[in-house]
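Have a look below at one chain only, the form predicted alone, in C-alpha coordinates format.
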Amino acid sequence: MMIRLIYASRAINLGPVDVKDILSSSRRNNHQLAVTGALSLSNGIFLQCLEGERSAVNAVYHHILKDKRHNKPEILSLEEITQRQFTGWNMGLIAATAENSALFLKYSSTSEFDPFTMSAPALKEFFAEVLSSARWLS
(Lines give C-alpha, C1' and ligand atoms only; values in the text may rest on other atoms or scores of the structure.)
Protein backbone atom coordinates (compact mmCIF):
# COMPACT_ATOMS: atom_id res chain seq x y z
CA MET A 1 0.00 0.00 0.00
CA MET A 2 1.27 3.47 -0.88
CA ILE A 3 0.87 6.53 1.33
CA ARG A 4 1.50 10.26 1.15
CA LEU A 5 2.85 11.87 4.31
CA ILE A 6 3.15 15.64 4.65
CA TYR A 7 5.00 17.03 7.63
CA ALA A 8 6.49 20.33 8.74
CA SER A 9 9.36 21.13 11.09
CA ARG A 10 11.33 24.18 12.12
CA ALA A 11 14.89 24.38 10.81
CA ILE A 12 17.71 24.70 13.35
CA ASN A 13 21.17 26.14 12.59
CA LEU A 14 20.67 25.71 8.88
CA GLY A 15 23.10 27.05 6.30
CA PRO A 16 23.36 26.65 2.52
CA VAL A 17 25.67 23.65 2.91
CA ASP A 18 23.10 21.94 5.14
CA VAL A 19 20.34 22.42 2.57
CA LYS A 20 22.56 20.98 -0.16
CA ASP A 21 23.46 18.03 2.09
CA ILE A 22 19.81 17.37 2.99
CA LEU A 23 18.80 17.44 -0.66
CA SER A 24 21.68 15.23 -1.79
CA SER A 25 21.20 12.59 0.91
CA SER A 26 17.40 12.67 0.46
CA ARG A 27 17.70 12.03 -3.25
CA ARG A 28 20.14 9.16 -2.72
CA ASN A 29 18.25 7.51 0.15
CA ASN A 30 14.78 8.07 -1.31
CA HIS A 31 15.84 6.57 -4.64
CA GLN A 32 16.95 3.38 -2.86
CA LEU A 33 13.59 3.16 -1.06
CA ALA A 34 11.46 4.22 -4.08
CA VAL A 35 10.20 7.26 -2.14
CA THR A 36 9.29 10.37 -4.11
CA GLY A 37 8.32 13.85 -3.01
CA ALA A 38 9.20 17.48 -2.55
CA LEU A 39 10.82 19.62 0.12
CA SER A 40 9.91 23.24 0.69
CA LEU A 41 11.99 25.60 2.78
CA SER A 42 10.50 28.97 3.59
CA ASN A 43 10.62 31.24 6.62
CA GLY A 44 12.81 28.74 8.49
CA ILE A 45 10.21 25.99 8.09
CA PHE A 46 10.59 22.69 6.26
CA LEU A 47 7.46 21.41 4.57
CA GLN A 48 7.90 18.03 2.98
CA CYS A 49 5.72 15.63 1.06
CA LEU A 50 6.86 12.00 1.00
CA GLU A 51 5.12 9.30 -1.01
CA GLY A 52 5.72 5.63 -1.56
CA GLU A 53 5.25 2.26 0.10
CA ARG A 54 4.11 2.70 3.71
CA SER A 55 7.12 1.09 5.42
CA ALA A 56 9.56 3.02 3.19
CA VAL A 57 7.90 6.39 3.91
CA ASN A 58 7.85 5.55 7.62
CA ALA A 59 11.56 4.69 7.51
CA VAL A 60 12.36 8.04 5.89
CA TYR A 61 10.22 9.96 8.38
CA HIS A 62 11.83 8.19 11.36
CA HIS A 63 15.23 9.10 9.97
CA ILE A 64 14.11 12.75 9.76
CA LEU A 65 12.96 12.65 13.38
CA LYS A 66 16.55 11.86 14.42
CA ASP A 67 18.02 14.72 12.36
CA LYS A 68 19.11 17.55 14.68
CA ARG A 69 18.40 20.14 11.96
CA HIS A 70 14.66 19.52 12.38
CA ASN A 71 12.83 20.88 15.44
CA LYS A 72 9.29 19.99 16.51
CA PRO A 73 8.26 17.98 13.44
CA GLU A 74 4.50 17.48 13.02
CA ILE A 75 2.63 15.22 10.65
CA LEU A 76 0.11 17.49 8.93
CA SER A 77 -1.47 15.00 6.54
CA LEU A 78 -1.29 11.25 6.04
CA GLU A 79 -3.34 9.34 3.49
CA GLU A 80 -3.41 6.20 1.41
CA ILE A 81 -2.85 6.88 -2.28
CA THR A 82 -3.34 4.92 -5.47
CA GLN A 83 -0.74 6.85 -7.45
CA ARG A 84 2.17 9.19 -6.88
CA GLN A 85 2.07 12.91 -7.50
CA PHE A 86 5.85 13.28 -7.77
CA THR A 87 6.76 10.57 -10.26
CA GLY A 88 10.38 10.93 -11.19
CA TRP A 89 11.25 13.22 -8.24
CA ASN A 90 13.21 11.46 -5.50
CA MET A 91 13.26 14.90 -3.89
CA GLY A 92 12.65 18.31 -5.39
CA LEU A 93 13.36 21.53 -3.50
CA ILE A 94 10.95 24.45 -3.60
CA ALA A 95 12.69 27.46 -2.11
CA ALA A 96 11.33 30.85 -1.12
CA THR A 97 12.66 32.55 -4.23
CA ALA A 98 11.18 35.70 -5.74
CA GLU A 99 9.62 33.53 -8.47
CA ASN A 100 7.83 31.39 -5.86
CA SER A 101 6.70 34.18 -3.52
CA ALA A 102 3.20 34.41 -4.99
CA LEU A 103 2.71 30.66 -4.57
CA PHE A 104 3.72 30.75 -0.90
CA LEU A 105 1.50 33.78 -0.26
CA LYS A 106 -1.47 32.16 -2.02
CA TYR A 107 -1.62 29.40 0.59
CA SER A 108 -0.69 31.49 3.62
CA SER A 109 -3.19 33.04 6.01
CA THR A 110 -0.57 35.61 7.06
CA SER A 111 2.20 37.51 5.31
CA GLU A 112 4.65 34.70 6.14
CA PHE A 113 4.24 31.13 4.95
CA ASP A 114 3.29 28.85 7.85
CA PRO A 115 2.27 25.31 6.88
CA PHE A 116 1.49 24.50 10.53
CA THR A 117 -1.70 26.56 10.10
CA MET A 118 -2.75 24.95 6.80
CA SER A 119 -5.50 22.37 6.39
CA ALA A 120 -4.78 19.00 4.79
CA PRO A 121 -6.71 19.97 1.61
CA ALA A 122 -4.71 23.23 1.34
CA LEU A 123 -1.45 21.30 1.73
CA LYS A 124 -2.47 18.91 -1.05
CA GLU A 125 -3.42 21.83 -3.30
CA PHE A 126 -0.10 23.56 -2.54
CA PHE A 127 1.91 20.53 -3.62
CA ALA A 128 -0.29 19.99 -6.69
CA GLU A 129 0.36 23.57 -7.74
CA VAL A 130 4.05 23.20 -6.99
CA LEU A 131 4.24 20.56 -9.71
CA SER A 132 2.85 22.87 -12.33
CA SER A 133 4.20 26.29 -11.47
CA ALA A 134 6.98 26.45 -8.88
CA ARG A 135 10.61 27.10 -9.72
CA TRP A 136 12.56 24.04 -8.63
CA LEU A 137 16.10 24.23 -7.37
CA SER A 138 18.55 21.41 -7.91
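A quick note: this is a predicted structure, and the numbers were derived from the prediction, not measured. Note that residue numbering follows the sequence shown and begins at 1.
Just so you know, the form predicted together with another copy of the chain exists too; it's not on screen, but the next bit is about it.
Of the heavy atoms in residue 117, some are within 4.5 Å of another copy of the chain in the predicted bound form. Contact check for residue 28: no non-hydrogen atom falls within 4.5 Å of another copy of the chain in the predicted bound form. Although the partner is absent from this view, residue 21 stays clear of another copy of the chain in the predicted bound form, with no non-hydrogen atom inside 4.5 angstroms. Put simply, residue 53 is close to another copy of the chain in the predicted bound form: some heavy atom of it is within 4.5 Å. Note on the partner interface in the predicted bound form: the residue among 96, 76, 93, 45 having a heavy atom within 4.5 angstroms of another copy of the chain is 76.
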